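Next up: just one chain, as structure tokens, the form predicted alone.
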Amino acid sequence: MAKKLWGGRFKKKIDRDFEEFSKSVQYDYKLAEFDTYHSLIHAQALTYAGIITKKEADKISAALKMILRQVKAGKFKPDSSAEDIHTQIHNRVQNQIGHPAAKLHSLRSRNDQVVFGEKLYCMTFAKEILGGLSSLLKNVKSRAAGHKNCAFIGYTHTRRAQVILFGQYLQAYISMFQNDADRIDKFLHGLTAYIGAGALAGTSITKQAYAKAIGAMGSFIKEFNVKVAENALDNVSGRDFIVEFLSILSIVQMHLSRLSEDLILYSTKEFGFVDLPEEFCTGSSLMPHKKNPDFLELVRGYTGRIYGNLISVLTMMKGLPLSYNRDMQLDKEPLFSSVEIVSTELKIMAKFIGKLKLNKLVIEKALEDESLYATELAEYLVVKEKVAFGDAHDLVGKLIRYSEDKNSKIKSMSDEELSRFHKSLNKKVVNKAMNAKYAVESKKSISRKVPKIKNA
């Protein structure tokens, strides 16, 4: 059995079932790289504080750097006999250099180590998520620019509403994902990893020694924002940063899920507006004709898990007394799960969007629906003929109903027939207002330009 970092006051051996139940190494090994950075800084701080000699620090650091190389090469695996990743790394160092490793844990606590590792993990993977959003944004922007003049149908309540441009439709998602990128960027700029908190009350190592150690480790941690702890109690007991990150990822997931639902709907035979790329679809084991939108359905399905991960951590934290409690071990799996799922989805969605095809003939057929132009006709009467909007709304509604009852196209009606609804109505007005070009161009309050992408 692997040596533990505690146990001196206990007479009885730990219950085997409880030991297995309490282990976290099977998932917190993902913090190995970041825990190694903590140990490297701490070893230097111990040297500057006169706790260990430079020779001992050099041995410890050499062993840690060897472990770090293994981690980065993908050769470091979790040891099922270890309690957690902190213990595994400590034991690995001890196996390499012997007794000097026993001094490495002087004046520090795993409470300090774990939150340090989690923050560096969040810094690393928030950047990865930001990169995924940037790739997706670029591809959505490219499709929006390529279809900037293609008319499309806008919906409210899942009912045909008004004519828009397909580029405008995609701009809505550009805006959503851009907001997500801005939130990630803001999160990164506000995230700081602290060292020197101890278990909860700080340590006897001076701030100056820690600061000097952080400076000495510059080449290893230059990409991270690391400082000496100011409020040790808050540092070891707070998981706000995980809640915030999971909250942002939940919003990203919501946007991915909404896009997925749109594309699932628009690719059905009933709509037929888009054709999904085969590389991201599957077939049926029974029905030969099926082309199922499995990627999009999985994105939609994973949304429940992403939301659940956020609620899991919020619920776990809601009643914890200060400072650290073992409950907080359970923050890691939700964090790792959400990061891995969203990161993978963004990568695939970027490729998916790049291969999406628009069925223009089907869309053109749908654009023949005259009810799509009811609002434009009413607004035309308001702007050009100075009809009160309430009156215009009412008379156009009656005209649409009349058309449906008679099964007759409005554009096919005679001037005499049209004038029964209003003296200003005639074929010229109807043909002017009830077409896709006019519907789009009459909207003066919005920009139809594809927006620039920030943070990309």
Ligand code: ARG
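The structure presented is a predicted model; accordingly, all values stated were derived computationally and were not measured. Heads up: residue numbers just count along the shown sequence, starting at 1.
Keep in mind the form predicted in complex with the ligand is missing from the figure; the text below concerns it.
Using a 4.5 Å cutoff between non-hydrogen atoms, R92 does not count as a contact of the ligand in the model of the complex.
The ligand in the model of the complex comes within 4.5 Å of no heavy atom belonging to R300. Taking the partner from elsewhere, N435 is found to have every heavy atom lying beyond 4.5 Å of the ligand in the model of the complex. Not displayed here, the ligand is approached by V114 to within 4.5 Å at the level of heavy atoms in the model of the complex. Here is the short version: of F152, F352, Y324, Y373, the single residue with a heavy atom within 4.5 Å of the ligand in the model of the complex is Y324. Put simply, of K141, K332, K119, R108 only one has a heavy atom within 4.5 Å of the ligand in the model of the complex, and it is K332. Checking 50-58, 22-30, 390-398, 35-43 against the ligand in the model of the complex, the stretch whose residues place heavy atoms within 4.5 Å of it is 22-30. Using a 4.5 Å cut-off on any heavy atom, the residues of 77-91 that reach the ligand in the model of the complex are, in sequence order, D84, H86.
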